[in-house]
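This document opens with one chain alone, in structure tokens, the form predicted alone.
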């Protein structure tokens, strides 16, 4: 991809370029815990957004997207915001860098990626992190620290793309480290790396390629449930709650709110249990926790869907070590930890059964835990 991007760049802009990349991400465990002040456990993967860039000596940014075969140019002032949604990600990164006192001048860029779209792998965060890292390197002598680079991406979503996201996706894209997952404390932003190179296992996503459109706002409703229980308990977030505390207010909260909180409290502990298990090389415990998370997301938090529950059932039937829905829910992927000797049968069975039931095969996405944002060197 690097050579192709540089070739297209030279054809379009007539100069050589420097190439930067940033990764999509998976989250092994810790779903819907970020807005409850809890822990998440993401890692960057070997699927990237890659950009060839060169300073052009003007006040304009000239951008070509290879994947969309689309071109856009814009200035660097607030009133120069482009109409094209895809270009607003890059414009937002420029503006958020400038707001923080950073320097950004005109540049030319060609970008492309192999992060699957719509699969919950955070291609937008990879795009933001790629350009945040590049502008820091090209114009600011890497003086902006990595925490701020992640916040630049998050603020771009908030202020220019209309998405009020948490920081996990950008954090994973910036801080990703080969063969390591990261335990991120969403309250303090403290993080710790945990080795993840499971010999004899593969990590594979099965993309259902479905996304159910819902008439209400399911994420907001679940967040409101959690906030109501936290208020009843007298704590800031469910991060500070326990099963015992929840049992004490069982008669003061609705059944729905109780089940939402029960899932979050359990998930908080599962992240910590998985970290301990990885340190011991105990992948069976990791897998058991993944199944428990899926059950909680499906039954208590109710953010799964028929297709994802079916893929999870097939994983159990095939003896897959661990499987769960990954992401916000209502479609997208399952993430699966599979022993090498069961992999071929699992993939073949999942494709055959899912196709027979739903009329199309799931997309198979094998992932390797990799480095986050970086300059691509030969």
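Note that the structure is predicted; figures quoted are calculated from it, not measured. Positions refer to the first chain, counted from 1.
There is also a form predicted in complex with ligand ADP; it is not shown, and the following applies to it.
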Even though the partner isn't displayed, in the predicted bound form is residue 116 close enough to ligand ADP, meaning a heavy atom within 4.5 Å?
yes
Using a 4.5 Å heavy atom cut-off, state whether residue 348 contacts ligand ADP in the predicted bound form.
no
May I ask you to check whether residue 49 falls inside a 4.5 Å heavy atom distance of ligand ADP in the predicted bound form?
yes
With heavy atoms only and a cut-off of 4.5 Å, decide whether residue 86 touches ligand ADP in the predicted bound form.
yes
Among 313, 352, 344, 67, which has any heavy atom within 4.5 Å of ligand ADP in the predicted bound form?
67
Note which of 134, 127, 93, 278 lies within 4.5 Å of ligand ADP in the predicted bound form, where distance is taken over heavy atoms; exactly one does.
127
Among 303-311, 288-296, 180-188, 107-115, the region lying within 4.5 Å of ligand ADP in the predicted bound form by heavy atom distance
107-115
